[in-house]
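Shown next are two forms of a single protein chain, provided one at a time as structure tokens under the names structure 1 and structure 2.
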Structure 1
Amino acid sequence: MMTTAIAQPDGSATRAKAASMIEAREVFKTYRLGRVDVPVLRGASLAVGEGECVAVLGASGSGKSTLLHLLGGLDRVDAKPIDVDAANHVTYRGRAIEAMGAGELDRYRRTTVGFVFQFYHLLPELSVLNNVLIAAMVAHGRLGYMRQSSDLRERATDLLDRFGLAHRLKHRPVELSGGERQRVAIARALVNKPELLLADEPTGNLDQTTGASILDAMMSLRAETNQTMVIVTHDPATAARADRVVKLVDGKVATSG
């Protein structure tokens, strides 16, 4: 069981060490389409322990990507949840993301989290290798990048090699298949050795055999660094690799399996 009632919205209270590394506590997220409010998350809670791998299942449109974006600090919970008593915040090591200033939030997004986007978001003008290296450049700042460039190049090349893309380093995304682009996106998310990997359908465009081998590579990297993972997936084989499976239903997280 995860310890609760530790983190305060302002991140100040540290009565006990946070049991979870990343946690969504009764989060609410509503999108506004014209004049219509579309509530997506309605009190969703998920606590993920250090080094744990959790798979998130749920129907299309159930809010899986939305939840992952909130965990990664890419989006914010509703300012005023419908249920005003709800905790409605996301905490990283007991620190509320909503309380982070711009600089802290930026560091969290760039260096703590590695994010695999559902639709990859690769830069079309850059080669495969540079799409991976740019994440390192952004995280280290340009000077850091210059200093460490040979190490980073080696790591980027090694990752792409592990994901079966050694022969595609100089290609542009448009010259790749969907599954190959997906693998570039995974390598990019991992290049900075993030403590927390948030992966949105990382095997969604891969056949079963390729998907399994990419997951093998991800899991062995995870073991090397005790990385914490949240993986959104539709794929039962991918979910089976997680320590725990949860499901998004009616805007809430239900545990299953």
Structure 2
Amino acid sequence: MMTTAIAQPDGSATRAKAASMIEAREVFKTYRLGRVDVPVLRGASLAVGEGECVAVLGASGSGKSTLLHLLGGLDRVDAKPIDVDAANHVTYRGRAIEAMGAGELDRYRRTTVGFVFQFYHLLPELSVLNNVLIAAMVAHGRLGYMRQSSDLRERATDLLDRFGLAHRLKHRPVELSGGERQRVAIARALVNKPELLLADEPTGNLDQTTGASILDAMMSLRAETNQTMVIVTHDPATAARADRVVKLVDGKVATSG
């Protein structure tokens, strides 16, 4: 089985334990703020193997969320600097995300990737169950959802049950605690059985005990399904739950181990 080398600052390399599912190779990203260009990623590289859980650790502004957005197709890499000899692309199972057309990229974001964000993004007018099902409706379209509604509803209910929310199916988000809202957001991200779960500070808004219980639930489900995960965090305790920790410093991978 082919493995992927990740360059280290000392010139050595570590290798992902399996063939790469998703890989960023020396990617660059700069944002324009007013008249100022703000470089965020300056040639960052990351390869994630099938079934691997990788934590991306770094301080605020180090480029963690930007890297996650590139992996998930929510943003695109910049053209590489003229004076830099770098690969500068993101690939999913060998297919460059930058080469995907609009329809293919949309399908990738809707069905291949599940996103968990720090701020939940639940729809306040929908019940807990329907907040989870909305992802399935978007992914399958109206007719596809109608054909599979029974199975999808059963999966959504099962996920919420596993996350301790079986008694909350008809509640609105405003009636939930922060930890409960994040559990709903995770169930929503998983309802379509994505191959890749991308979580951006999933416990950042929660107290330590609640955050630990959220991670327990995620890791329990991962152990059963071999879910591939990339978790962005600034918390070393959260990062320690992963198979491997990647540290971003000034837009580059400083350590990987």
Ligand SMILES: Nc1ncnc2c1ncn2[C@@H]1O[C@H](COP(=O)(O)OP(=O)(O)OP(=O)(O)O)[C@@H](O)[C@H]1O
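What you see is a predicted model; the values in this text were computed from it and never measured. Along the sequence of structure 1, residues get numbers from 1 upward. The term rigid core refers to the most C-alpha atoms you can superpose between the two forms while keeping them within 1.5 Å.
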query: Structure, 1 versus 2, that is the form predicted on its own; finding: 2
query: L206 C-alpha shift between structure 1 and structure 2 of 2 Å or more, rigid core reference; finding: yes
query: Rigid core fit then A237 CA moved by 2 Å or more between structure 1 and structure 2; finding: yes
query: Core-aligned Cα shift of N226 between structure 1 and structure 2, given in Å; finding: 2.8
